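We begin with a single chain expressed as structure tokens, specifically the form predicted alone.
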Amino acid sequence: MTEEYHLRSDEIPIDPSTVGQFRVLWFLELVVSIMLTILGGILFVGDVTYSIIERLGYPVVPPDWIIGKFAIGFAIAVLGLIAVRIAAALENYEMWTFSALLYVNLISAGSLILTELSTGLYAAVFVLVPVVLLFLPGVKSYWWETFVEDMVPRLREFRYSMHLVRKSPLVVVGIVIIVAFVILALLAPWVAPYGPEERIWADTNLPPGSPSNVPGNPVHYWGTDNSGGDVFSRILYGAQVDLRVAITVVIVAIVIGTFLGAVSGYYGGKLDELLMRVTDVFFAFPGLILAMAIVMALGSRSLENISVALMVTWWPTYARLVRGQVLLEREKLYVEAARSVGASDARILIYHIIPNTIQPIIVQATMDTGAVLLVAAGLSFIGFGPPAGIAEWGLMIAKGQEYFSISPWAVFFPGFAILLVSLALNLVGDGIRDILDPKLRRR
């Protein structure tokens, strides 16, 4: 930050005595951006590299901290690159960077916590330091009033949206169910009376509410399966697995599909033709059959392979959806105005067009999360899922059906969990569609 930038803003001049606060904020955000990019890159590249080495037949033992982190590593790396852009703009006191820093760093901290690594926890704390510095007196006086002023109409619309949500009992029920499952999944280590793979061989096929045959063990609220696993505990831990797979697949599909669809719709021509013919190839196969073929090609039963297969299967939906929205938006006056002031194609797409196509993406993503959950459970049910013993809803149903006449609860409860979560996600998605549609929300 050089002296010529001290009074760069025409709206709010910067007090020279507070320049040091801005310098510290800029430096720490730069460090955060580099840290996020490197850490996310290590997790993403490391997981992919070990997977490729294993496919080639070499006996390798990847470290535990890197297994299954490919999706979250990709997300953290992308957030790191966004933080790099924020740090560069922060050096010039651009007003939008302060609110962007607030959002990106909070999301990054949450993503780092989800890695379940001690390093990620420490990194999350460090990522929150620039957020705290945003509220230093000199920095806050520069951006906070403008931020609050911009938030007033958004908060008004948010309150009206909440009013519409409260008017729809089914949407409220869906939200309550989803929140309940998420909370129970996060608290599973403390709520579940047994571990996810714990077996009490003296308690096989006990009905719901039965006390354990081993003195001192907790009651089996939802009974046990044929190997003595507590159904209630395994469903809670299975919620962690299935919800993580569903959410990860949808997020990655959105990122890939949005990028390809936006580029295809904006530039058109031969590039559009090429990308759309590629998506047609994916649409030519039923999603479940294509996912099965990809899992078989990857060569081993695991949740990671199911996730990869579903990511490959799901992105064309978002590519087509975003392409159609971009074709509508690219001819509008605000895009022409952005071009007239010299905005680059990348800036027009990222800052103008894509934000105006986000509403149908949110609706589609909410409904697709339930669909991915069903397909992932289906793949596990027919034998393409994780190895036996893992707490996963589809696998629990597959194993429980062999003893359905003896212990039907081992099938009913995981099946009911899948039904309940999928139904809730569809109810919420349908409600969000009505709320976000400008024609419907003002009726």
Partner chain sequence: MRLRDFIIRRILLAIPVVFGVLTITWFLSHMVGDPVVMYINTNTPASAIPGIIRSHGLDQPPHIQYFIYLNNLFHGDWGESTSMSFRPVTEVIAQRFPATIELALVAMVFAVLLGIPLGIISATRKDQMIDHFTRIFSLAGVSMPIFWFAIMLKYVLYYQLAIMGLPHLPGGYRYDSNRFYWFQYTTGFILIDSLVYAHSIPLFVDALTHLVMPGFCLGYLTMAIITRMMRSSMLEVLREDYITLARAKGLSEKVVIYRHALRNALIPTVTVIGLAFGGLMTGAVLTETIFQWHGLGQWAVSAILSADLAAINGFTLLVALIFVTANLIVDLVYGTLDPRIRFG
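Values in this document were obtained by computation on a predicted structure and should not be read as measured data. Numbering follows the first chain given and starts at 1.
Quick note: we don't show the form predicted in complex with the partner chain, though the next part is all about it.
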Contact label in the predicted complex: residue 41 to the partner chain, heavy atom within 4.5 Å:
no
I'd like to check something about residue 21: if you look in the predicted complex, is any of its heavy atoms closer than or equal to 4.5 Å to a heavy atom of the partner chain?
no
Check residue 282 for me: does it contact the partner chain in the predicted complex (non-hydrogen atoms, 4.5 angstroms)?
yes
So, residue 383 and the partner chain: in the predicted complex, are they within 4.5 Å at any heavy atom pair?
yes
Just to be sure I understand the contacts: of 77, 185, 288, 192, which is the one whose heavy atoms reach within 4.5 angstroms of the partner chain in the predicted complex?
288
Can you pick the one in 374, 30, 390, 45 that has a heavy atom within 4.5 Å of the partner chain in the predicted complex?
374
Segment assignment from 243-251, 288-296, 125-133, 212-220: heavy atom within 4.5 Å of the partner chain in the predicted complex:
288-296
Heavy atom within 4.5 Å of the partner chain in the predicted complex: which residues of 168-206 qualify?
170
